[in-house]
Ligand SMILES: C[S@@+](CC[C@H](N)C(=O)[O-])C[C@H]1O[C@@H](n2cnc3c(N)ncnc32)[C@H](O)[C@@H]1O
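Read the single chain below, which is given as structure tokens and is the form predicted on its own.
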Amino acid sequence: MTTKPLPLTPELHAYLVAHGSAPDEIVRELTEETRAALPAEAGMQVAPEQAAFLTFLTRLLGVRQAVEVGTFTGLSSLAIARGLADGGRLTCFDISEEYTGIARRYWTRAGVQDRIELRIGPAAETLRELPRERHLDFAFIDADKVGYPVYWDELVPRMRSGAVIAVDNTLRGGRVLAPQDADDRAIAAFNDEVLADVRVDVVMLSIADGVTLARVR
């Protein structure tokens, strides 16, 4: 046993991915289409093991009401929707008709389109349209980094006790230790704000680019 982190070499990462539930044909084709059609933006897509983790976590929590902020081409939303309990619903917030057009096609192919509602517009505004009461079981934040504090502030009061918020890119490739741009600085400040938030219990995981899990008290 060791308390030291393992260096995640490319070979060890490949082993890690290979020893989790394999992505099906729909996930593989969505990943491939995103890389081919949007090579400059494909890095915004969640990692394969991250998608599997989102489905696993959603199922484990028995999620019925979920929110996603930042949908892109739909891999994370597909993963969450597949993990919803019977009758569950996922509301997605994004600003791009182009990117989410790809998402819609794959939601339909996967047969989860009836579980997902997509709202196009700035999430800082459209999140305020959600009911104010505590009704959400799960939320995933993966949008513009400077906007994270706003999304957090809108979501936390709407989460049930015991609900979980997952936040992506909270390590910024390790640059939270020495921020190099506005997004790095925004995430470093956001991480400190989340840690100090007495409404939640927090753990940060080194999955992909860092995922923070916050359980609402």
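No experiment lies behind these values; they were computed from the predicted model shown. Start at 1 with the first residue shown and count on from there.
Not on display, but discussed next: the form predicted together with the named molecule.
(Q) Only one of these stretches, 58-66, 153-161, 45-53, 174-182, has heavy atoms within 4.5 Å of the named molecule in the predicted complex; which one is it? (A) One stretch meets the cut-off, namely 45-53.
Q: Answer for Ala123 alone: is it within 4.5 Å of the named molecule in the predicted complex, judged on heavy atom distances?
A: Contact check for Ala123: yes, within 4.5 Å of the named molecule in the predicted complex.
Q. With a 4.5 Å heavy atom cut-off, would you call Tyr99 a contact of the named molecule in the predicted complex?
A. Looking in the predicted complex, residue contacts with the named molecule include Tyr99, since a heavy atom lies within 4.5 Å.
Q | 4.5 angstroms heavy atom contact with the named molecule in the predicted complex for Leu130 | A | Outside the cut-off, so no.
Q) So in the predicted complex, does any heavy atom of Leu75 sit within 4.5 Å of the named molecule? A) Although the named molecule is absent here, Leu75 would touch it in the predicted complex, with heavy atoms inside 4.5 Å.
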